[in-house]
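Below are two forms of the same protein chain, given as structure tokens: structure 1, then structure 2.
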Structure 1
């Protein structure tokens, strides 16, 4: 990232700075006092104030006021952006979108600073499920864990803490499931083991314990084997895709979908 910054430029200086950024399709940020007109799907006017104006490298345009999540004016994509000086002594930036036809005009009275440069970003963005969502999915579809499993409770309170999922296997033996959406450590095994001990003490029955996670540290597996705890790997990416397709289709096709 190589940024160029100008401070308190004259509008002439700012103009050539902005034009160069637009021409090179650089990331451009302008701080200054401006007023705005928008015409398109709706139309709006914004009287003068200090704001941050952004043009992204694909031509997306944002105008942000000092507060609030949302830009006060914007253009998700633009067919053209041009800047010029007006006789009134303002610097005008016009951003036009073609479909739908929309025009955004930003009139700068003065500019305090401007930044431009090329940003490199090849990062990968991944959206995961929250643990609660995974829990609910398994609650609705116990077959994700094991054939014949019946889950009767989620977030079951036990003396200390909560059991994520509780139920009975096909032979009627109680099953305690501890769920992690991140790689499971020895810690998670210990937690589950505590639940098992507590349950046994309280009900006099020895339950199975299954640790469910996307992956397991070596130490977790060692500990699990020592304590007779089972573990089951789940693929969160797959769950995510499933959830999306489920929302479109029907819930009851889920077990089948996942069982091969």
Structure 2
């Protein structure tokens, strides 16, 4: 891994640095004071503040504030990313996504540091629990999804398939939960939506639908919001640790029982 770093560059120096990174499709991180404008599925404006701007090697773009793990603005892929200096004395980075059409404009007043380079990552991402184990953990601990949730069935049959988890919320409304142990896609949203439609058709009641996964593609989130489907991220590593802790307690209980 070879990285280049510039500290407190002039905007002209930063522009040259950023353009080279974009041309080579390198990983780019920029720290500085900026404001942001977004147009696309809606529109938003973020006033000036110190932030971290990231362009990944595949063109994914993220803008992070100093606190919180989620980016305040992001685009999973881009048709083009350009940088230029404005007459106002700011450095502008424009990221354009074609489908759906989205435009992110980041205006830097100054730049404290920037990093660029190529990263290599051929590691395998290993999940800690199977989908069935995740299902069983949530079945036994429904509060992981929502306080007051009561889960009554696993693998509930419905004409078009099997509902992973079925139950009722604190107000008594039916809840259909679809689980994924990998990042959830649009197809997962549609699968859950079809279960909701079929349940309503069969029982005449409109249930809530909650899609549960370790992460979500932006297209999945967009589709879920469009269809009125809820989504919840779960930390599988934390679930795994919780499962191990419960198993350890059970073993200690058995040990004490047999010793007596």
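For the two forms, the rigid core is made up of the largest set of C-alpha atoms that agree within 1.5 Å on superposition. Everything numeric here is computed off the predicted structure, so don't read it as measured data. Numbering follows the first chain given and starts at 1.
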query: Chain form predicted alone: structure number out of two; finding: 2
query: Rigid core superposition, residue 83 Cα moves 2 angstroms or more between structures 1 and 2; finding: no
query: CA of residue 101, rigid core aligned, shift of 2 Å or more between structures 1 and 2; finding: no
query: C-alpha of residue 53 moved at least 2 Å between structures 1 and 2 on rigid core; finding: no
query: Core-aligned Cα shift of residue 154 between structures 1 and 2, given in Å; finding: 15.4
